[in-house]
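In the form predicted alone, a lone chain appears below as structure tokens.
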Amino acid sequence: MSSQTQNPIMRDIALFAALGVLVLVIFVSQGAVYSVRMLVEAGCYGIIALGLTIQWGYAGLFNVGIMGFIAAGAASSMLMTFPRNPDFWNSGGPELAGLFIVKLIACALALWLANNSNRWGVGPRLRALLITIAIAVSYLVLSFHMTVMSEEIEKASGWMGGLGLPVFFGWIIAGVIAGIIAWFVGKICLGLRSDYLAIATLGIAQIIKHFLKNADWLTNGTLTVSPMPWPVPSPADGEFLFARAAYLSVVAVALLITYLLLQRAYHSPWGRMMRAIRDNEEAAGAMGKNVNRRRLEIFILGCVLMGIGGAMLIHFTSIYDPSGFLDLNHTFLIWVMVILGGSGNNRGAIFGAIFVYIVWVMSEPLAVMLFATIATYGDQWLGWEAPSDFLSRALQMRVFVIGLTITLVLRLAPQGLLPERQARH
């Protein structure tokens, strides 16, 4: 084995060993219950980070709407798995909801026919007019029906409730819904410049969040939904630490399976084609590759993982709150994880997710401890009286620490701590 091959391997081993020591220190200092909770959440973020690293690292797609796909996956899983609401099923709500689904399918079919009318000899101007009419009519029909339906549901039962299905099924549906949304966004934007994709995903994320936040009939809105069901015995059923450890096992298995599948895809002809498109789109197109279709595939796949990771995260926290999805926590932080770990490297995404989340979680209590020490000794040694809000300022230090971390990484290791390994010929 050459030294060129050994060096990256030794670097990976050294970094993961250092990360293991850091986790061990947290276990000793903070206790097992807190540490296991932190690892579960870091593992969920790891799955989301893998979704972003294949979009950005494999295909160069700039997705800044990660929060929207996380929120969509979380809401979908909540609706699938939360217990049924008897008041809803005993009212006229189910009939109205079923009719809405029928109208939605009909509107989608009308839009598809208008979009593909050129196959039947329709000219471009008439085709554009048909698409416009289909969109306008669909909006009017669906918005009117949704208004009537939401008023009836809120009046009769408050909100719809869930379907009471198994949690694992809810996670699958979360990925499917996130993938469907990604298909619509990608169909519109992936053929344009990359900055259009960034704008579109950012806008879609805000639309999804505000819809879920204000759709009281569907998600219970800001009143939140809890407790969310677990795929394993919950803390209410027995040992607190055992329940969290069991959930950690599920997340670890899901993360491992995702990593192995993505590694196989990375080294397959499909993965090499994706990187060829990323590195030289014009050359790949000249070789007969359908660039837009391949980019749509990778975009959908990444968003599916984001939806699943978001669903796993909210089930663990046991509460669904649409107001809790924030760009800082669920978009910017994911980008920091991927950039720090190294885009295009699946191990880097996992390392970055765990390390950055540890820094994010631990920076607040450490900052509070530091500020309290400064206030105490400043008063004893110098007679300095700390401002009344001095300790509350420490709560904002996590943003400073994350910013400092990513600045140092970009300065000292611009390709990340575990950069993508380039093939040598």
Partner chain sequence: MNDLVFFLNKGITSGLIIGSIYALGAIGLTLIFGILRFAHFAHGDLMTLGAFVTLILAAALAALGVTLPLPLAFVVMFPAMAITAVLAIGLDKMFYKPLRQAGARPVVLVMASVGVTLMLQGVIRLFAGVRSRDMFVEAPKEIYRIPIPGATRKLVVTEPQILLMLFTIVAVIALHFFLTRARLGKAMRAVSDNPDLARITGINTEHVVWATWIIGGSLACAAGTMLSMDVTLKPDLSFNILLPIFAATIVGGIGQPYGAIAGGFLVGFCETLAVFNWSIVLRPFKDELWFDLPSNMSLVPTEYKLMVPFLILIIVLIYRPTGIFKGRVL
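Under this definition, the rigid core comprises the largest set of C-alpha atoms superposing within 1.5 Å between the forms. Predicted model only: the values in this text are computed from it and were never measured. Numbering follows the first chain given and starts at 1.
Omitted here: the form predicted together with its partner chain. The next part is about that form.
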Quiz item: Just one of 257-265, 87-95, 101-109, 330-338 has heavy atoms within 4.5 Å of its partner chain in the model of the complex; which?
Solution: 330-338
Quiz prompt | Sole residue of W270, F242, F168, F211 within 4.5 Å of its partner chain in the model of the complex, by heavy atom | solution = F211
Quiz prompt | Among the candidates L313, V304, V225, C189, the residue which, in the model of the complex, approaches its partner chain to within 4.5 Å (heavy atoms) | solution = C189
Exercise. Consider V64 of the chain shown here, and say whether it contacts its partner chain in the model of the complex, taking contact as heavy atoms within 4.5 Å.
Key: yes
Self-check item: Y196 within 4.5 Å of its partner chain in the model of the complex, heavy atoms
Solution: yes
Quiz item: Would S29 count as touching its partner chain in the model of the complex under a 4.5 Å heavy atom rule?
Solution: no
Self-check item: Partner contact for G324 in the model of the complex: its partner chain, 4.5 angstroms, heavy atom
Solution: no
Self-check item: Partner contacts in the model of the complex for 401-416 (non-hydrogen atom within 4.5 angstroms of its partner chain)
Solution: I402, G403, L404, I406, T407, L410, R411
Quiz item: Rigid core fitted, is the C-alpha displacement of G20 between the shown form and the other one 2 Å or more?
Solution: no
Quiz item: Is there a C-alpha shift of 2 Å or more at R398 between the shown form and the other one once the rigid core is superposed?
Solution: yes
Quiz prompt | Core superposition between the shown form and the other one, C-alpha change of W56 at least 2 Å | solution = no
